[in-house]
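A single chain comes next, written as structure tokens; it is the form predicted alone.
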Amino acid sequence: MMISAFLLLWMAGAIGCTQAGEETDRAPTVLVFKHGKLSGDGRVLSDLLRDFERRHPGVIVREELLPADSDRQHQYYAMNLDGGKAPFDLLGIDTIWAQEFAKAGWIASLDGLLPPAERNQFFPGPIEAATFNGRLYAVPWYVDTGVLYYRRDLLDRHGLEPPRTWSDLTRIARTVLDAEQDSGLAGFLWQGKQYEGLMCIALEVLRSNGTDLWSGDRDRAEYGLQFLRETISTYRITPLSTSMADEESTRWIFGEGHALFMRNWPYAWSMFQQEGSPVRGKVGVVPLPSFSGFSSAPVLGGWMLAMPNSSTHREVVGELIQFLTSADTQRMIAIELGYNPVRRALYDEESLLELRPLLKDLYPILLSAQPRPVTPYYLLLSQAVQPEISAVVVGRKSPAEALDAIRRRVDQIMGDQASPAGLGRS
């Protein structure tokens, strides 16, 4: 009798749970979220995804991490999306991939998730990069851009201000290096290795001279490439090893106190402020310089969220994208992981600025950040152009020779494609 009574009570409880909405007889909806590993504590995003699951009973979000190397991520996505049946429902993509993936038909339009009237809540650069043929194919997740780091303590010691022009930078760097000859300082670090980072600094320098690699004033383009070479060969403010330098190697040298200026991304700031850092409290951040008569032209970076066309859970994936790009979630990843939020209104929140004071300085830089060429063929362009810029950096080619090759190769790649909208940015 006691056992029968217990069974009756258990059955009643089970029925009650089912009636309350716990669909115990239905398999959960499993969403697979592919993305590269984020910096910082991985539990932050995991906890956010568990929060989303609590708000969506019956939904499970499974993270599957990809290698940090973006080239390997791109290769994985291309192989799996091209088959038309991707084994994931949500993917994190680099800003430079959205056009390619959209043209290939690999990712779904997300116009309904972010109507045009709401897009001005985001920075304009990422929205432009995510838009193909007038339709939105990705939603910005976090945003990045090139900035200039400088040693505030060294400039103060010599009574100098941060540079506004590239001429200022070379003059200030030489002044400090000449005054501190035994310090082992480098004047200006940048990413000169033959990879995507080299494209970024080249675009930033040329665009800050009112031109570009593929179009625009030819003389100013040559002058910009020559400037990069002369930081090494003439001004001697940049190490010879720059032809091997990437973000992390330059960050390490600067972070150890061995450089005055460095072009890099905002991610390095939090590392410089860590306990035990040789440059803690000694670093400032300003916009990248420009040539006289032109404006700073930082390159846009960052990542976006996209949905494969093959996903069978579009509605709930859309809700997950909205959750991850909501103000509350963006605020959390800004505080806990140090990423720069994509929603502009957050940069006015005093409580957030107290915890992330750098955001106040970053806002105008992010607002002016320009995408790399907004074209499905960008990766082909980059791979064709990188060796030519690298040849200038190491002194194997003159800027004129490299520019001839670059513009000829770009014409071949683009063929009959209309270039002004995507390539003619200046």
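Take the two forms, superpose them, and find the largest set of C-alpha atoms that agree within 1.5 Å; that set is the rigid core. In this text the structure is predicted, and so the values were computed from the model without any measurement. Position 1 is the first residue in the sequence shown; the rest follow in order.
The discussion below concerns the form predicted in complex with a small molecule, not included here.
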item	value
Interface membership of Gln330, the small molecule in the predicted complex, 4.5 Å heavy atom rule	no
Distance check, Trp303 to the small molecule in the predicted complex, heavy atom within 4.5 Å	yes
The small molecule contact at Thr325 in the predicted complex, heavy atom, 4.5 Å	no
4.5 Å heavy atom contact, Glu196 to the small molecule in the predicted complex	yes
The small molecule: the contacting residue among Val139, Ile96, Leu90, Ala334 in the predicted complex [heavy atom, 4.5 Å]	Ile96
In the predicted complex, the residue from Tyr223, Tyr235, Phe294, Trp265 that sits within 4.5 Å of the small molecule by heavy atoms	Trp265
Among 248 to 256, 118 to 126, 197 to 205, 286 to 294, the region lying within 4.5 Å of the small molecule in the predicted complex by heavy atom distance	197 to 205
Core-aligned C-alpha movement of Arg151 between this form and the one not shown reaching 2 Å	no
Displaced residue check between this form and the one not shown: Glu401, CA, 2 Å or over, core reference	no
Cα displacement of Arg174 between this form and the one not shown reaching 2 Å, rigid core superposed	no
